[in-house]
Every structure is written in C-alpha cells, then in structure tokens.
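Just one chain is shown here, as structure tokens, and it is the form predicted alone.
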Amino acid sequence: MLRGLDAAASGMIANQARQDALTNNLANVNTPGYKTDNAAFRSFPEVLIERIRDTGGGAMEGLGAKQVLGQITHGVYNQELVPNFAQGDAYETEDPLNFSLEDGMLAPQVIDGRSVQPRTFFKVQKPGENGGAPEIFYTRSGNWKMNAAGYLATPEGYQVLDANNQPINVRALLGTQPLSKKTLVVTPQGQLTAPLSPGSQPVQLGLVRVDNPALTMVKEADTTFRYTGAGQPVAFNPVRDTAVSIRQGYLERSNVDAGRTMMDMMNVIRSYEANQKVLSAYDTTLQKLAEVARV
C-alpha cells in the first residue's frame, strides 16, 4: 500500500516541477531569443519483487524456493528540462544594436539515425566568479546595448565577442560618430562596419553553429546556454553557412506559445489534483486501519 503513496507523491513533485517550467516559459513570452523549456518525465527504475522464505504448502514442509512476483515502479520524476530551439519570429525595433539570427533554412543533419536541425548562436562572455577566468556562453538573443566603456553588451552585462573571442568596442569602431543605423552597419554575414568612420576596421561578430543543440546546449540563464559537446562548437563559416543571415534593427521573438502553455498548465493542475486525491484516499484508508487496530 505504501508504494502507492510513493507513486502519488512522486507524481505531485514531478507535476510541480513541470508547472514551474511552464510558469517560467510564460513569464518569458516577451523575452527576445528565449527558448521554451519542455519537461521530460521519466519513471523510476523498475524493481523486482520476489517472495522469499516461502512456506509452500505448510510449515511442516519447511521453506520453499524464492518466487518471482513481477516488476514494479515507484512513480515518475522530472528528469530534465529540454529547450525547444525552434526559431521565433523576427520583429523590427529600429535599434542599431538589435540583431536577429535567421537560420531556418540550414539543412538538417542526420545524427545517430535522427534528423536534427542545426542552429546558430552569438558568443558572449560572462565575467569569472570569485576572480576566476571569464566563461564563454552562447545566445540567440541579439538585444544588446553599448556599455559605459563603449563595449557591446547584453542586458545582463555580458560582453559580446567577435570571431577572435575578443569584446567588441563599438565606440572605437565609430570614432567620433554618433550611434545610428547609418554610422554602424552589419552585413548579413555578421560583419560590423562603420562606413562614416574612415580607417576603422570591420569586426566580425562571434558566431558558432551547433548541429545538435538539443543534446549539447544546456540553459545557463533564460537566454544563454553552455556548450557541453566535445571540444568547441564549429565557428560560423559564411561560405558554408549561406543559409544564415543577420538582420540589424530586428529581434527574434520568444518561441513560447502562450495559448498552448496555458492549456498545459491546466492539464498539469488536473494531474496534480488526481495524485492528491490518490494520496488522500491512502491516508483515509490508513486511518481506518489504525482505528481497527486500536479496537
């Protein structure tokens, strides 16, 4: 009977974790470059049940051999959150430091017998913690600003990197020119130029291509990811990756489907309530047994 309690309780905990993920998705429905988190449930490993010290036909015959009764699980758990890397729509902002990545036409790759869609990411650098070395992360969000030192940075303060993993100094690129879409131009291949600043050298945005992001990219924050594959992600190659383009003055929307997320939240609530009722039924039954035992 107590195994039923475990299963109902684990179902409630797993549903709570999924509800948290859905709530976070809904909270980021307007966050540029945000990717939906999908909760992956998994049952606990099955255990084998055996009847031991079997007395068979009676105590006089002594103990019998063990008898296998079968297998049983102890409920489910929320194994992990898997981001959905489907591209969001682009919308215009007119901000010269907003960039959207468009790579929906990249040819799918077959990995381990499965067709997967490659994705392209910007490189950003997070300052090291407790005096440690800075870390490189990857993002689809091109919602950037120029910080007080003149460097290109994310709203979180992470510096945007060029193709050589160096922070991009927009002020040095512009010289004395004010910032606008006329003084700072990005090509579809991601090259930043300052056409009104003679002598300034173009800067190539740091871009990487990841063939199987669902398995090799782990969400670090709402819009930044850590690469967990072997080595480093493949650098963007404008000759090979002709299906990739960067648009200035645009941002990629979050790919959260608000209507679908609301429906999923209602389903999770119903599932949570069902497990709660099972738990309550077990509790009532145990109370009855305790009362009978006292009599």
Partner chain sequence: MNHAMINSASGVRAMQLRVDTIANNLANSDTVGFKSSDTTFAAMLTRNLNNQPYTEYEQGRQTPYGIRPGFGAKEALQVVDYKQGAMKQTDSPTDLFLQGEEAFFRVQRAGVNGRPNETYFTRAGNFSTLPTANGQLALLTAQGDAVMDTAGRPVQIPSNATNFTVNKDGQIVYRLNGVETQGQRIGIYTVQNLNILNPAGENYYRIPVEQIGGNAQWTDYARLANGGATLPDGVGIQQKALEASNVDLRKEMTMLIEAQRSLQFNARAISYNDQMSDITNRIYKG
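Only a predicted model underlies this, so the values are computations on that prediction, with no experimental measurement involved. Residue numbers count along the first chain shown, from 1. Rigid core: the largest C-alpha set superposing within 1.5 Å between the two forms.
Below: the form predicted in complex with its partner chain, not depicted.
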{"item": "Sole residue of Val29, Ile49, Ala235, Ala243 within 4.5 Å of its partner chain in the predicted bound form, by heavy atom", "value": "Val29"}
{"item": "The single option of Ala90, Met146, Val208, Val185 touching its partner chain in the predicted bound form, heavy atom within 4.5 Å", "value": "Met146"}
{"item": "Contact test in the predicted bound form: Ala163 vs its partner chain, heavy atoms, 4.5 Å", "value": "no"}
{"item": "Contact label in the predicted bound form: Glu102 to its partner chain, heavy atom within 4.5 Å", "value": "no"}
{"item": "Gly128, heavy atom within 4.5 angstroms of its partner chain in the predicted bound form", "value": "no"}
{"item": "Heavy atom of Pro45 within 4.5 Å of its partner chain in the predicted bound form", "value": "yes"}
{"item": "Partner-facing stretch of 128 to 136, 187 to 195, 67 to 75, 94 to 102, counted where any non-hydrogen atom is within 4.5 angstroms of its partner chain in the predicted bound form", "value": "94 to 102"}
{"item": "Heavy atom within 4.5 Å of its partner chain in the predicted bound form - qualifying residues of 66 to 83", "value": "Tyr77, Asn78, Gln79, Glu80, Leu81, Val82"}
{"item": "Core fit, then Asn24 C-alpha moves 2 Å or more between the shown form and the other one", "value": "no"}
